[in-house]
Each structure stands twice: as structure tokens, then as C-alpha cells.
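Starting off, we have a lone chain in the form predicted alone, written out as C-alpha cells.
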Amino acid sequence: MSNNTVIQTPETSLRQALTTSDHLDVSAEGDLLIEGASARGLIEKFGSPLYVVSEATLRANYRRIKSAFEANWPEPVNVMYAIKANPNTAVRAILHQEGAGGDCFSMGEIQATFDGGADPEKIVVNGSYKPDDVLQRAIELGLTINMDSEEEVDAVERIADKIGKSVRVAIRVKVLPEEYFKNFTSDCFKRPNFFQGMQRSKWGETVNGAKRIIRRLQNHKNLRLYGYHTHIGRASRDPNMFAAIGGELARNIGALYAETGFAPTMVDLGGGWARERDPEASGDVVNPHPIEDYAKAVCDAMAQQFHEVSMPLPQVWLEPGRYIVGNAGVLLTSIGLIKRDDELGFTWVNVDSSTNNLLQVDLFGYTYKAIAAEGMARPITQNSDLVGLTCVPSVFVRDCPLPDVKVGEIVAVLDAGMYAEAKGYHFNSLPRPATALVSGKFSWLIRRRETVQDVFATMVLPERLRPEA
């Protein structure tokens, strides 16, 4: 063996995977540290399995994406946290302290946003269909409503007129840059024809539909037309995709400006911004493109189109969720059983959580990185399937590189901040984990662990079906 050969360990594996905003380290004793708190200490304090959120990472991610767009756009930038990615009110409170706006889809998300703190001037409400109670609450609070269709105008008008209050509205545009998408394959959404899928999706109005809405709303007493919105989502890590979407959106807006004279105050670019450690790609988790690449690509493309029609530059709003919270979260889970089959040549490391708690694995095939969180200086000696305890395969990581782990040790799954708590469910009647917030060496419970009683709390058994005492 060469003297230059590096023995792979959980510690070297972690350090190779770190991004600039991660606050993960290894203690002198070889244990995982999340900021200043050890994985073992957190499990002893809060129990297992456990979601852990790093406050420092949340703040760093928000500041970086805001700075990236401000460096490439001369008008104000409003970074709105998409609370669907992680609805924990402590997360929302931290981001409100940072000055974040918000993207909401429901009464529940409006409540969670304001429970954590919110400036109504920076909040939008989205959705292809917004029930009357959502529209009324949005208007009462002074939020901006991104209207998804010409048909939706009737409901917004009716409610605004009923309560006698004006409301800012924007139009969601169905952006279809066909030249870019004609040979496009998403690294996340496994659709045979992505362009046709976008055409058929329920979201947004065509340019002609947007034109009709503009003419209808000009000089409306209660509906104040404020801007435009689009959102494709996490479809690719290619900056050219974002440039294509931004350029096409701006071209459409410029054409509408030339015809109607309406110059938007803001353009909302939605979310889907890929991260540097990118399990969403369902393969290679290393993304070579930092957020600055995406900001420059989309801002340059939009600015060019707007300048061509001499339209004043609008504010840029955007709706990052996973970018802000993704790598801020870690799932800590304890090994309960190790099954080896020498005849078949497989090993299964069973842990006390399941893909119930990391649903993107089962929904989209996300490729998460899992590491042993204790004894991290030990050499990696095996590739084992890391599996959960439900009656489906529940494979967190196939061929997960691990040292000679033992029952009771902790494994950490990175990037659990996004769509883990939000999409967790009760398959096999399993309660969901607790969540802890870490700041430096301090930690707090920010979501209590569910009990079996919580799982069944909403069920009602009619008297006639109750078993006899």
C-alpha cells in the first residue's frame, strides 16, 4: 500500500462532502458535532430518532442567496422563504429575524408564517385554487396574491369588494421556452417529455390570458396589479435552464408592457434553486454550480430583455425553500439491528426511523448521504443497506459506506431539513420524531416527539363498533 493512500473514514467522507454553509465537524473523540453539540449528546437529551436544525446554517444560506441576487440586480430583492419546505415555526422565526419574506399555500402555512413572524409587505400567497377563506385572510393581512388563472379573478374581486379592502395581485405566467426544453431531461423529475408535462401542468396563464387579466384589472378599485410570477421548481442544476426561464419570462413581460403599458413593480421567480450538495439530482450529490451562477444567469437574461423594450427594471422576488433549509437539517437515527447474510453477501443496518421521515427517497429517489456519527476515525469496512423499520423496503441509502458499527450507535443522514418534517407520515402507525434546534453549544426542543396516542388522536370510533368492556 502506498504511503500516500488515504484511508477512508466517516470523518474523511464528511469533510469531502462539506459545503461552505455546513456547520458540521468532528470532535477530538471522533464524534459528529452539529455546531457545538455532539450527536450523542443530542440523542441523550431529546431521544432517537431526531431531526436537528443548525441555526447558523439557516442564517448563512439566507444571507448568501440574498447577496447573490443583490449583486446581480440593481433593484430591491425580496427573498421569501417557502415554508412548505419546513413549516417549523422556529425556523420561520429565525428567517424573519434575517428579514425574509414568505411564500404560503394554505391557511396553515399563513398561520405558521405569522406565528414565526412576518412582514405582510413581503409575503405572497400561491396556489392554482385558493379557497375563499385563504383569499379573505390574505386580503385582511395585506398579502400579495399570485393569481394563477383568469377564472380566479372573480373570486379575488368578490372577496375584496365584500370586505372593502384593496389587495396587491400578480399574475402567474406559464413560461415555456420551447427551444431550451425540446431536448431537455430533468435530473429530478422522471418525465418522458418535460415540455409537454409543463404545458399540461395546472400552473399559470398563457401570455394571452395574462393580457386579458391586465385589461380587466386596469383601474380596478380594489385589485392593484403589482407584477408577475413563475415557478418551475427543482428540475435541473443547469444554470442555462434558469437563464432560459428568466429570459422567456422577461420577453413575455416586455411584450405585455408594449401592448398594455403595464410595467410590473415586481417579478417573482419562484424557487427550485439547486444547492451545492444536491441529493435532488438522484445520483451525483456534488453540484459544481454555486447560487451565484444561478443568480447571474437569470438576472442577465432578464435584464437584456427588459432593456430591449426600455421597460423600467422591477424588483426581484424569489421563493427558495430547500436552498435555505436543506443542509441545515440532519436526521439522527440509532442502529437497532444489524442483519448479515454471508450466503447472499448482503448486510442490512436497521435503524429506529424510516423513510416515513425522509419521504423524498421514496417519492423522487433522492440520493442522501449517511455517515456513522460516532467513532468517525474508524476505517470504512463495509457497504451496507441502511434501512428503516417499516414493512416496505425503506432504504435510506443503498451500499452505505460504514465502519464496523454496533447496535446502539448513531447514524446521521444529511440534508434532512427540506421536505422531511413537512412530508413525514404515519405509515405502519409510527409516530414522527422530535426536532431540536442547535445554536453553538446550546440546543432547544422545537417540535416534540409524537406518541402513539397522537397518531390516532383524530380517529373516532362509533359507539356501536366499540368492543365490549
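The first residue of the shown sequence is 1; numbering continues from there. All values reported here derive from a predicted model rather than from experimental measurement.
In what follows, reference is made to the form predicted together with a small molecule, a form of this protein that is not presented.
- Contact check at 4.5 Å (heavy atoms) against the small molecule in the model of the complex: all three of 172, 231 and 419 pass.
- In the model of the complex, no heavy atom of residue 396 sits within 4.5 Å of the small molecule.
- Interface membership of residue 266, defined by any non-hydrogen atom within 4.5 Å of the small molecule in the model of the complex, is ruled out.
- Among heavy atoms of residue 184, none comes within 4.5 Å of the small molecule in the model of the complex.
- Within 4.5 Å of any heavy atom of the small molecule in the model of the complex lies no heavy atom of residue 236.
- 82 is the sole member of 156, 198, 82, 138 with a non-hydrogen atom within 4.5 Å of the small molecule in the model of the complex.
- For the options 320, 279, 329, 102, the residue carrying a heavy atom within 4.5 angstroms of the small molecule in the model of the complex is 320.
- Screening 267-275, 341-349, 290-298, 213-221 for residues having heavy atoms within 4.5 Å of the small molecule in the model of the complex returns a single hit, 267-275.
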